[in-house]
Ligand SMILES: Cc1cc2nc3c(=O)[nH]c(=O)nc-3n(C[C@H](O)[C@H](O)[C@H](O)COP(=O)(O)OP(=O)(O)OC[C@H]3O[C@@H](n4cnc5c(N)ncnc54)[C@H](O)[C@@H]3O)c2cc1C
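The chain that follows stands alone, in the form predicted on its own, written as structure tokens.
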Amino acid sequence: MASYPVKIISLQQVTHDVKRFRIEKPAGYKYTPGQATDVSVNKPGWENETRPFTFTSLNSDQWLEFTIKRYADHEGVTNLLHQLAEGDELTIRDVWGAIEYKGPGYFIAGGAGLTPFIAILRELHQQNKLDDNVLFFSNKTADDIIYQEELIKMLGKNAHFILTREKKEGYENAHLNKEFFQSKITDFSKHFYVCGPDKMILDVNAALEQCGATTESLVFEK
């Protein structure tokens, strides 16, 4: 597998534990929105510690972008990434990933599981093709929501924000289960794009199938 050393161009705090990393883009490097690559930090002892991150930039951008949540209690790669500065060097590899836009439907994300959908939604918005798509984005609290303003700007009333551990005006307090989907969705023949923690993916997929969605309509990273 090819590897590419790249430097960090800029960093931006997105939420209390999520940062946006913009990095150099190797010549000829291409990917499909929704795809990812394996990333490591070029510091002694960390060169072979790879983690998968999804591109949140578009191919038309002159940089690559990742939106990365920090798991400080792990003392791992994400914790180290959040301590880096502009000019520090990463290594990226070839692209991979099975989450690809196949047509209008429902995007269902839990927390940092939104990241594979960001580039897809941005590209559809750029192409004026977002109208028939709906987002259900579940987080523990409102402070955990990534890119809320941008999502509302792109999707309008089709952006639904669900909180599981907080009750707050303007947000729905609920869980992504069979009852929730039956109350929100009338057409289960559309595509369903699902991403989040492993258990959430299993539970959501099972609930959607109970509601009438077909296995073929579920798009997720296997």
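All residue numbers are counted from 1 along the displayed sequence. Since the structure is predicted, the reported quantities are computational estimates derived from the model, not experimental observations.
Just so it is clear, the following notes concern the form predicted together with the ligand, a form of the same protein that is not shown.
- Only one of the listed residues (Val41, Leu163, Leu176, Ile68) places a non-hydrogen atom within 4.5 angstroms of the ligand in the predicted complex, and that residue is Ile68.
- Tyr193 falls outside the set of residues with a heavy atom inside 4.5 Å of the ligand in the predicted complex.
- Taking non-hydrogen atoms only, Asp73 approaches the ligand to within 4.5 angstroms in the predicted complex.
- Not displayed here, the ligand is approached by Ala36 to within 4.5 Å at the level of heavy atoms in the predicted complex.
- For the chain shown alone, Pro197 is not a contact residue for the ligand in the predicted complex, no non-hydrogen atom being within 4.5 angstroms.
- With the partner left out here, the ligand still marks one of 177 to 185, 25 to 33, 45 to 53, 154 to 162 in the predicted complex; by a 4.5 Å heavy atom cut-off that stretch is 45 to 53.
- By the 4.5 Å heavy atom rule, the three marked residues Leu130, Asn133 and Tyr147 all fail to count as contacting the ligand in the predicted complex.
- Taking the ligand as positioned in the predicted complex, the only residue of 99 to 113 that brings a heavy atom within 4.5 Å of it is Ala112.
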